[in-house]
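Coming up are structure 1 and structure 2: the same protein chain in two forms, each one given alone as structure tokens.
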Structure 1
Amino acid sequence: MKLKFALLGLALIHVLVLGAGFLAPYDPAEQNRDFPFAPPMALHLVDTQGHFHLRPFAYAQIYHPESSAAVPYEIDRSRMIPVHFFVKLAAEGGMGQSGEWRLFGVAPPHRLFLLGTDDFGRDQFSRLLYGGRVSLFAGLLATALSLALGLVLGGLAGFYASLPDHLIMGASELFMALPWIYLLFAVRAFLPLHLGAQESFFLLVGLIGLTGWARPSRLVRGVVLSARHRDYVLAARGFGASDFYLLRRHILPEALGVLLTQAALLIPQYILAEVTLSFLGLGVSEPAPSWGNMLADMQKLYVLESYWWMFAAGVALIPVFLLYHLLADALQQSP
């Protein structure tokens, strides 16, 4: 039951971020300078007179830049903004006759900010969905790289032993002894600071993945050491099977369960690594969103004090981490 629940929850989250182009009402880089740090707009079905509406709506917000209030916005309950579904996004934002299909939107010049905006007036809901693509899939791809390296190196170390085993396991001990976050900082410091969003993403994946192969390789080595002496492996060798065939067909498949459990443990660690690096300005840079650079605004005291909706990316990490740890626990308990 736990396994199914975790898989279903993770699948839902990943489908949501993959569908950001349809679910997000705005481009993540689109700025609305007239609405800096706008608070979230609630959806309603019943107006102030008690009338029920089939179409959801939000009340307009009025920005008072001269106000001394921490959140200088006033809700104008005399202006209702109806929400339309399955609309086309016009080139200048809002609804239009041509453009990309979106799940919902409002007619210009109105704007709908379900999770508020940042200091540039960018819609936080749209940035949360698009940023999830970077953070979640950086963790997935980096984990795939680590496990692939761990499988190959651990398989070679366990199967051939002797010199390959000593070299590979010595290198793994070195990598495990170094604190991974400081190792990432050190490597990243030698690389150019200003990179494009795509280059930054693949650089992060490579850095994180290459620093995390040690533990999976040691686990795979243990499985291979045990499997290579089993009767069916010795029988296959007696019939003339090559080393590659033995590894591919009989030995490495034994490590599948270990690799799946490691994947469930490593993915949240690598997501956190991407978030940490982007939070510190060493990962994916603006205007491309990631959950890390979305949280970078939290380094400012006035944002911490007044704009609670800027925690959205941090809140989104909680169910992701809980579901991955639930998945790892279920995999460890499964026979």
Structure 2
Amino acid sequence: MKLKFALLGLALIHVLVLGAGFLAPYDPAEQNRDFPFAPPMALHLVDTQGHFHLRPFAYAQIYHPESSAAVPYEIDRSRMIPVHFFVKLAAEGGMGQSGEWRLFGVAPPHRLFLLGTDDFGRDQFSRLLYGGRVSLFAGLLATALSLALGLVLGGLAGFYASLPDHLIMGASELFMALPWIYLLFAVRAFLPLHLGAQESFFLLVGLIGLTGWARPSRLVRGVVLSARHRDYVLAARGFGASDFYLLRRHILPEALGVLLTQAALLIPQYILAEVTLSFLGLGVSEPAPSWGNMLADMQKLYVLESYWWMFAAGVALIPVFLLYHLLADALQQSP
């Protein structure tokens, strides 16, 4: 029940971000330089005269660049912008793929900013959807990488005890103590100048994932140490099972519960790790959005004080974290 709910919720969120190419009205990199930090536009069905419209609409916003107000926009109630469904993306600049179908949009030159815009006038709603792709999957993949490493190394350490155990556990302590920031600098130094969006994504995943194996490996080791002496392991040995067979078939699956709990804790951590990585210039590079670099924007006083809608990525993270939390909880209960 709980499990289904969590899985369904997560699936829904992932489908949403995967469908960014259709659900988002704009290209995430499209700049509207005449609308920096525009506030979110509300959708209406009823106009000022009280007339009901079947087609939702928004009111135009007028930008007053000379105004000293925190949000120098004024809502123009005389100009209604109707929302159209199933529209083709207009060609813009060199980056927007013109002719793509989008779920909704408004007729140019009007713009519809459901969640406002950032400092370049980029549509936050579109960026949120596109950015979710990067962040959610980076978190997921990096966690998978960490856990896989942790599983293998922790499994070996726990199973063979003595020398491998000492070596691997020593290494894990080393890994926990090392200043990651440095390794990251060093890694960046070796990288080629050009990293496409995909390469930098995998780099991000790899870096985050590689740094996190120590904790799970220690936990796995603990589980394996106790699982090693279980009767069914002994029984399989009685049939002449090899070490590899025992590990694969009996011992490592035992660690699954621990790993899932770890996953629920690591995924949020990893999604946010990108905030730090962006600070070092190792995050997803502009103009591609990610929830990490969207939140990094929020860490500036003037944004925090004036533009609350910039926190959209943070709000989006809450249900994601909750659902992972719930998932781990549910999985823990049904071993």
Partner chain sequence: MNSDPAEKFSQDDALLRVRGLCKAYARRGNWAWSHSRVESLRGVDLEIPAGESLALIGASGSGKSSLARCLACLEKPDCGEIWFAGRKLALEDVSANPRGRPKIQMVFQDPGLSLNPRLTATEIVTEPLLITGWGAGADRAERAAELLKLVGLGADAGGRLPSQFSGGQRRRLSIARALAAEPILLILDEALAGLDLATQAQIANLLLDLQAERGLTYLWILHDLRLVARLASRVAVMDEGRIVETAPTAQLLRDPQSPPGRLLKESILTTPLWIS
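Keep in mind that what you see is a predicted model, and the values were worked out from it rather than measured. Definition used throughout: the rigid core is the maximal C-alpha set that superposes within 1.5 Å between two forms. Reference numbering: structure 1, starting with residue 1.
Comparing the two isolated chains, structure 1 is the one taken from the form predicted on its own; structure 2 is not.
Relative to the superposed core, residue 74 undergoes a C-alpha shift smaller than 2 Å between structure 1 and structure 2. In the core-superposed comparison between structure 1 and structure 2, residue 272 has its Cα shifted by at least 2 Å.
Once the rigid core is used as the reference frame, the Cα position of residue 149 differs between structure 1 and structure 2 by 2 Å or more. If you overlay the core, the Cα of residue 209 moves by 2.4 Å between structure 1 and structure 2.
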